[in-house]
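Given as structure tokens, the chain that follows is alone and in the form predicted on its own.
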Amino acid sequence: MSLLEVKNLALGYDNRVVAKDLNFTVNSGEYLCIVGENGSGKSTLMKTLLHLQKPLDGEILTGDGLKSNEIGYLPQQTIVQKDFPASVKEIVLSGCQARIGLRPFYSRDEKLLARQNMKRMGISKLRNRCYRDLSGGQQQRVLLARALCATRKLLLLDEPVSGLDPKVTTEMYELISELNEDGITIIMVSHDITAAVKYATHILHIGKKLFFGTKDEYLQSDTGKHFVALEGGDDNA
């Protein structure tokens, strides 16, 4: 069943179009990887899907009972965010904010959910540590646990392995793949075409040429073949 449907979407700032004529659907259980040249509008698309930015044109429809505040989001981290002076459990719990409404406190169920997601991400022992004292890989696990507190259906990940070393990068990709296998739908922006064609079920390529389809269709397309060769990816993945 379709979780998200995008029709004739145009993206940009101050009426300057970055990308247009975007049409794609994301069904429950799929893993969509968004790729394309730098500056093609990948992160702008993420913000637009999250209603953090208005589209210049077109529409975004949700289905299967998905509400806009039930989407988990892992953004690209800034230097300021990496130095945030809060405990791991406080940051993970903050993923429940959309659930609490006007309540001034977290419920027992929300605290339980935070503990479960910390365990799921293998960071239970870090719960009392200060976030800014953690390694990059540990910080990403914390933010992923936080995003999971916001959703049981759909995760949006914007360059989730940026700045991580190769070993931690592989671990993070495997973790995301396991979440997808557990039934969580994934939409991920990535510059890593090798990972995209290894893990994704579908590819959205935005830039001078647009493509949307399955991973196999992408690898057989002129756009896919060119981009994979350009980025040094392995089209046999």
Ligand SMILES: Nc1ncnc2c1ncn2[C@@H]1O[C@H](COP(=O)(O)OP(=O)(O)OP(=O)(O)O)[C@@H](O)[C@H]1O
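The shown structure was predicted, so the numbers you read here are calculated from the model rather than taken from an experiment. One rule holds for the numbers: they count along the sequence shown, beginning at 1.
Heads up, the form predicted together with the ligand isn't pictured, but that's what we're talking about next.
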The ligand isn't shown here, but in the model of the complex, which of 208-216, 175-183, 58-66, 38-46 has heavy atoms within 4.5 Å of it?
38-46
Could you confirm whether His51 comes within 4.5 Å of the ligand in the model of the complex, counting heavy atoms only?
no
Is Glu110 part of the interface with the ligand in the model of the complex - any heavy atom within 4.5 Å?
no
Does the ligand come within 4.5 Å of any heavy atom of Leu9 in the model of the complex?
no
When the contact criterion is heavy atoms within 4.5 Å, does Ser94 count as touching the ligand in the model of the complex?
no
Contact set, 4-21 vs the ligand in the model of the complex - heavy atom within 4.5 angstroms:
Tyr13, Arg16, Val18
